[in-house]
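Consider the single chain below, provided in structure tokens and representing the form predicted on its own.
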């Protein structure tokens, strides 16, 4: 499985991470699920959300439940689905933390993580990586990210 995302939407996620620094940003990936087991999920829109975590926003994020439901409703009205989630890791690599794993709830979705170092998006492949939560929720599986038709391996 993998994730396909227009370059403009990836840029929007990276800019959201930079604007939120030194706090984590978060949002929804809206689009279309994979047509079959070999096809990627297809992002149409990266929908920015407010980080509602007041206790530790530098290294945690929470969605506001009302905002989350409203975004899901608006997506459905446009014929889109939530196919994943994104968040930033300020001054840390774009790989899931144990906290991310412990709080991930939905297997079969993409979990895109972007690395923001000293207020700027990390460069190259280190900037963004995507993962799928395993069915048993015990680990993440790294997935390929294809941006604007150029496939890159999330390593």
Partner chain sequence: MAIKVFIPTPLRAYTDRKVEVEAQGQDVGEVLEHLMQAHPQLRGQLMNPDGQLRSFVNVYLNDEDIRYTGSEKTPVKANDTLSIVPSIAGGSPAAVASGRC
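In this text, all values refer to a predicted model and were calculated from it rather than measured experimentally. Residue numbers count along the first chain shown, from 1.
There is another form of the same protein, the form predicted in complex with the partner chain; it is not shown, and what comes next is about it.
Taking the partner from elsewhere, residue 124 is found to have every heavy atom lying beyond 4.5 Å of the partner chain in the predicted bound form. For the chain shown alone, residue 39 is not a contact residue for the partner chain in the predicted bound form, no non-hydrogen atom being within 4.5 angstroms. For residue 45, no non-hydrogen atom is located within 4.5 Å of the partner chain in the predicted bound form, even though that partner is not displayed. The partner chain is not shown here, and in the predicted bound form it never comes within 4.5 Å of any heavy atom of residue 120. Counting a residue when any of its non-hydrogen atoms is within 4.5 Å of the partner chain in the predicted bound form, the hits in 33-55 run 33, 55.
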